[in-house]
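Quick heads-up: it's one chain on its own, the form predicted on its own, in structure tokens.
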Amino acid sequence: MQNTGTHRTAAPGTATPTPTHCPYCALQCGMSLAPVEGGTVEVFERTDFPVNRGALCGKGRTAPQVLAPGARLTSPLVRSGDGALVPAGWDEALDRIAGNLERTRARYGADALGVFGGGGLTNEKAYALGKFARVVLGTSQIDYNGRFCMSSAAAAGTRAFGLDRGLPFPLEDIPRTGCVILVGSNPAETMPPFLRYLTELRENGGTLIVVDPRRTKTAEQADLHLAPRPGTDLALALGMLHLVVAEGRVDRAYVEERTSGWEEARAAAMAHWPEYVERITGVSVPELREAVRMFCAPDTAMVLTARGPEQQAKGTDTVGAWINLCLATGRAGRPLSGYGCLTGQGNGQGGREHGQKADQLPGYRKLTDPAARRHVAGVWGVDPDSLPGPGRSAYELLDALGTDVRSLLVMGSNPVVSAPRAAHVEGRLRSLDFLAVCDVVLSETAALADVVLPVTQWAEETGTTTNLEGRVLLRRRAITPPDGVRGDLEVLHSLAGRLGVEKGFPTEPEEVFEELRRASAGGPADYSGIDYRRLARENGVFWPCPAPPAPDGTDGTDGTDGTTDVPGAGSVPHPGTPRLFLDRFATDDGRARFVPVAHRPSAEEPDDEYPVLLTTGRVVAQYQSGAQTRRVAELNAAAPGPFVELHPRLAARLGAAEGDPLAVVSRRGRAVAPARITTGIRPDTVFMPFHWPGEGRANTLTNPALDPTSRMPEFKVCAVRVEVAR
């Protein structure tokens, strides 16, 4: 399958295509859509959008195929007396959901109600869902699958810089830096249009270091590939920082002027001498020294992390160690230098900024902050004391289903496939008193539900998303959804009314966004200077983007174009903030904070019974749990099912040949998939992609051990044994 798909420029005479964005990853690539017969759309190039400049991967190019009636839901479904899901009318389906939620709350209390959201929801839907949970249901039990995405990077970034945004600089800066260390990311498969930035980096004379236990398609592009043992990225970063100190490469003036906590972090790093790190990671001392030389040689450099180092029970400290490396060398808060996280999900960034996350209110405010509670409660017209406190994180919420949490509303997520220890999570979902799911397709999670609501897709609705750069974008409706399908905002409006809240849940996305602007005003993720008119004429606006203040001292969000209608107020809109931290960091004293960290083993290390390490990831033709991409014939032809990637030496020990069915067994379960033998993986490690359900479900095996700060599960490393499944 090609990394970038073939797509056309609109021919003369064609109806003017609607400019919008791809529904998949956090690049949010620009595309244009034109209606075609059958109720779907055709994709055309949109070269004006700077992120992808017209390029699309196969997933984006084929996204309209999921709009077809045969691929998606077009009627509500309810569980009949004989256990089957059968079509029903909207009133019956909504009445069932509202009635069951009300009965659960009356019998067990508000916190017996759970809400599980998704990183693909627009900002408007994420905002409304968080408000619905806290105002209508009164529950603290809300989180979303974005917890499984960049939560460790967010925690580490906030700890070091006082603020987290996926990339604190625009993508256009990457090709102009001197060196990039890419840690645990394979954008050649996960976000192919991004690869051009790395190609341009090398064409401009920059160098690329890729850290990955597998020799991926991305690693093949690197000037230096480091292949550490899974779960040892923390030790690797500490070993590099040790060498920075030992070789006199610390930027002492920068450390003194712009940071705090250096001596403690330096002492922690010095306990990780190169030979010790080599024993832990398997990366040789000469490779470590070469990586340090390449990173420090140019005037500018960046470290970009993704799920590899982040999806660990020590993910926050691991990312923190890479941030320490940037700070010690003066590579943060300076032009063309810094630390960034390559967010995975389409709106993983915006989805947590505005209220889906268990501990956050809109504007990236802390739920425990009294001032934040007063501000948001004022926008919502409720008593601040009525807002519940922080709830459980994503896995902890799923683990509590059927016991403390008795009824669950899921919107845009498929935890049966995507959650760690997935067989256990599936069992927890089955144990619920009541489950309702809003989705585009009948996912594996929706198939377990008591009520399933068919909702609109990206091409059928307008709304905003925030890509990995912090660029707020406008997706535009291109076609009318089929009969029987409604938007998520309509669902929340209807449920709120049935549960006694008649106002506060509009169905028009722009009206919701106007409220979001007011709720975010003054917060870390301030969107108050952004509106639909501005987004319609600009290629996105980077947050924070405050509205100009009105003369009376209010936040000035009553007008349009980021201005105010109040006479005498400033009318020049804030330009947005493409580059953070150039003048100061978002901490109280403006300094970045070093945090001392030390290597520790993974939550589960190999032993005699489980002697091999398993790591998981994605392939180019499928996306996340595969609920949508597995319905596209072209994508299935390119990636028809799961596999187990292993080294020839391990295959020889097992007596396995290419294509043989292999059973991978962990302490949590067993998965079976064909062998794929390659020298591009460490001999002590096997890899499985996680897009499929059934016997090849990789997340049956993964470990739900949680990072103590981010509550991220340890998807990326666990102990297994591998057998030929005769």
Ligand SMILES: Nc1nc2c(c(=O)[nH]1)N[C@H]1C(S)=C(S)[C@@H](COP(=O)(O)OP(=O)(O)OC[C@H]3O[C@@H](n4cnc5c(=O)[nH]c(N)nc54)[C@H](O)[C@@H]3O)O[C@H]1N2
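In this text, residue numbers run from 1 along the sequence as written. These numbers were taken from a predicted model, which means no experiment stands behind them.
Not on display, but discussed next: the form predicted together with the ligand.
Residues with any non-hydrogen atom within 4.5 angstroms of the ligand in the predicted bound form fall in just one of 332-340, 306-314, 200-208, 362-370: 306-314. Taking the partner from elsewhere, no residue among A358, A394 and D531 has a non-hydrogen atom within 4.5 angstroms of the ligand in the predicted bound form. For the chain shown alone, R46 is not a contact residue for the ligand in the predicted bound form, no non-hydrogen atom being within 4.5 angstroms. Using a 4.5 Å cutoff between non-hydrogen atoms, A627 counts as a contact of the ligand in the predicted bound form. By the criterion of a heavy atom within 4.5 Å, H354 is excluded from the residues contacting the ligand in the predicted bound form. In the predicted bound form, at least one heavy atom of D233 sits within 4.5 Å of the ligand. Checked against the ligand in the predicted bound form, the residues I479, L195, I280, V619 give one hit for a heavy atom within 4.5 Å, which is V619. Out of the listed residues G184, P76, G114, G130, G184 is the one that sits within 4.5 Å of the ligand in the predicted bound form by at least one heavy atom. Contacts between 185-217 and the ligand, taken as any heavy atom within 4.5 Å in the predicted bound form, involve S185, N186, P187, E189, T190, M191, V211, D212, P213, R214, T216.
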